[in-house]
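Just one chain follows, in the form predicted on its own, and it is written as structure tokens.
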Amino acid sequence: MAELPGQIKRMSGGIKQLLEQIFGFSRRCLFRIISMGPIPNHLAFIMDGNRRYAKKCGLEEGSGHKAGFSALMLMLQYCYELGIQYVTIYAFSIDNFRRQPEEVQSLMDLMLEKIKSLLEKESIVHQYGIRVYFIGNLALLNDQVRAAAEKVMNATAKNSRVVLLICIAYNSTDEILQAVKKSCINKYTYNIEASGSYKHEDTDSEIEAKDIENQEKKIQLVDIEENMQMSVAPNPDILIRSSGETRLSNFLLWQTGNSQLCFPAALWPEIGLRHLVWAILNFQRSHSYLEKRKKQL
């Protein structure tokens, strides 16, 4: 009788393993069917609803974000199994710094822990050969989080199979502003180097001609796009925001003009395979129209 609890435990473990194998096989079959149609190259996620999930389930503060991280790992696995090349997540907005200092510090501690975990041998980064980018104003982060983010980017710089872009201390307003500033600096430097300084012997007409030439070297749309931090990836094909909110919250505003937008009602820790499949099926249904729109730009 003393062995009975151990036998039950081993039996339950075997059943769990069997169910996981059945689910994995069914998922791979489903993905093969979905892959008969166009597969998006880039998915973006606004992970909304972690705090509401914790409140809904009566969990302590911070538990919702930990549950959200587990949901993210599963979603990344599904995306990469499907052959999606780029995934972007909205991890922390610049606006989030306005929350209570205790909550911000708690989130920073959690992010530091999870960022460090990306370099562990059994992590999804090593499993799929993921290159990681941290997008945002990293100067706003504390030294520890910033150093950890830079370490992950350097460690994964040679990975080329798939890409994960983590937007942290980010919003679109800041990204566009920084891109414009950088474009102005680059253009100004280029113009000075190209035209050279005026010489004392230059006539008024020669100076005027140089001024006109410099005026023609204005900032173009391509200059700004090249200096956007998100220029390392193509524009998202699909943007998914959980919790049913139909707002972009200052996320990828420049890049999502022709993206399929999906707003499932599930809170982020509740997000699952069915939500991803539904978003991709809607994308496939609208694919020809979206491609036509892109060609018209």
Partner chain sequence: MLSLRVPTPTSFRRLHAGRSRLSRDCLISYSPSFVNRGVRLRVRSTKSEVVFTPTEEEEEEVTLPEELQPELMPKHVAIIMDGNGRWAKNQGLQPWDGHRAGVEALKEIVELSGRWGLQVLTVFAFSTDNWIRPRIEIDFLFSLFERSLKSEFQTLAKNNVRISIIGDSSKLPKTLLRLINEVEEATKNNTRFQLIVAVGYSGKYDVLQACRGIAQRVKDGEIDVDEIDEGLIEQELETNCTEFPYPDLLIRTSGELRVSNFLLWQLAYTELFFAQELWPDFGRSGYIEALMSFQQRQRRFGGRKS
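Remember, it's a predicted structure, so these values are computed and weren't measured experimentally. Residue numbers count along the first chain shown, from 1.
In what follows, reference is made to the form predicted together with the partner chain, a form of this protein that is not presented.
Interface membership of Pro234, defined by any non-hydrogen atom within 4.5 Å of the partner chain in the predicted complex, is ruled out.
Taking non-hydrogen atoms only, Ser249 approaches the partner chain to within 4.5 angstroms in the predicted complex.
Taking the partner from elsewhere, Glu225 is found to have a heavy atom lying within 4.5 Å of the partner chain in the predicted complex. In the predicted complex, the partner chain sits beyond 4.5 Å of every heavy atom of Phe25. Proximity to the partner chain in the predicted complex, taken as heavy atoms within 4.5 Å, picks out 50-58 from the listed stretches 268-276, 50-58, 66-74, 29-37.
Between the partner chain and the residues Ile176, Val163, Leu112, Leu119, the one pair within 4.5 Å by heavy atoms in the predicted complex involves Ile176. Residues Ser259, Gln260, Leu261, Phe263 are the members of 259-280 with a non-hydrogen atom no more than 4.5 angstroms from the partner chain in the predicted complex.
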